[in-house]
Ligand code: GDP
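First, one chain by itself: the form predicted alone, in structure tokens.
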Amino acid sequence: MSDNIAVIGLSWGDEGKGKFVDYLAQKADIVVRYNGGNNAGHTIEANGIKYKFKLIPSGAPLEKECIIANGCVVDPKVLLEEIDNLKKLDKKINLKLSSTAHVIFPFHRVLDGLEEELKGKYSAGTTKRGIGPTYSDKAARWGLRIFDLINPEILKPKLEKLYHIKKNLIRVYDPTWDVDIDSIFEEYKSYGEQLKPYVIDTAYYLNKVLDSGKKVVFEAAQGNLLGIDHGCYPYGTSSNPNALGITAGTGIPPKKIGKVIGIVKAYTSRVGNGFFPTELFNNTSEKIREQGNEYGTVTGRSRRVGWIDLFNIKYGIMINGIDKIVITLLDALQEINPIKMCTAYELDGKILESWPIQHEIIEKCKPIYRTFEGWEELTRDKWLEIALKGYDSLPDTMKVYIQAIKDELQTDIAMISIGPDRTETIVLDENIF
């Protein structure tokens, strides 16, 4: 098997993938982002600095080679801002950008907001960053790509055609909308000039370096349950944030992907709309939200919080071919007592065999719980001491909870996170990479 690793969130995102991509990147050469856009944020804490990325892969703090692959959609303004932020921190910019990634334009953001409003109860609760409309244009085969962006003579006629199509569409909903096409062209022409040094054929490059023996971490945006094909449609995202999206999103054949690691949060959180079977609406949810800092990296909006749902995580383990799991945010459950764990769904008096992917069915299901004793509050210094001493120093009640997750999922645990920093990690499998 290849030495490469894919890092997949097994719930609705925000499982702490960024931290573990950063952790694994210590032994990697390249980190690749293969789906999504600036609707997905990753937060990393290392050496006293907090990094918040929307597009740039989580290998940037370690100055690893970072690739934004063809499966992503790119807002060039946001990407350039992130590059500037890294420069201000004196970080080496080691970035490669796919020539075939699609570009987000101002009219995509406008359409995103209009469409969400018109969908009513079927709205996904998007970040309104233009992600969905850009993927729609990609599927309709009239989207503009990074290659167009860096070639003004190609960009201008394509942009003019797309602009007039979008203008006519937007004016159906907002007759007053009008943005000068020339100003858009000049703005994006400038973006193209600044990004051109980073642009390559990433599929060719990745296959070449993988064949040479370099190690790669594939970084997903969002979580498995938000996937366009195997998530809770339509309350999800517009790409495949699962291992199934890696091949199409990078040009890497499946046999080169290597191990697939699933990130499991010790509870569940969710942003956006859609039914959430284990959601809590009480002081417990508020306490977990505050202790887990459950606020979006991109939008800052508070996340919905509930008990861990191992039933839908089992579905993710199946379709992603998960080799091992990582458990995160255990520290956010301190002083929560009791703690509950969903292990199955009941529908019309019967226990379901597998997670029902249709939201109309999920909304009728009743979660079946196991109950566990919680653990006491620990100081920051105590958590750091535990990280140094390892698994045996964890509170006994926490170890019971961790073992129950392992047993229910029938999947070995590679690492455990007990804090946001790279050092606050307990490694159970030293040979994970």
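A residue's number is simply how far along the shown sequence it sits, counting from 1. None of the values given here were measured: they were computed from a predicted structure.
One more form of this protein, predicted together with this ligand, exists but is not displayed; see below.
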message = For the interface check, one of 397-405, 22-30, 35-43, 364-372 should have non-hydrogen atoms within 4.5 Å of this ligand in the predicted bound form; which one?
response = 35-43
note = Interface check vs this ligand in the predicted bound form: of D137, D331, D75, D309, the one with a heavy atom inside 4.5 Å is D331
request  = Scan K215, H359, K91, R303 and let me know which has any heavy atom within 4.5 Å of this ligand in the predicted bound form.
outcome  = R303
ask   = Counting only non-hydrogen atoms and a 4.5 angstroms cut-off, does M415 reach this ligand in the predicted bound form?
value = no
key: Residues of stretch 10-41 in contact with this ligand in the predicted bound form (4.5 Å, non-hydrogen atom)   = D14, E15, G16, K17, G18, K19, G41
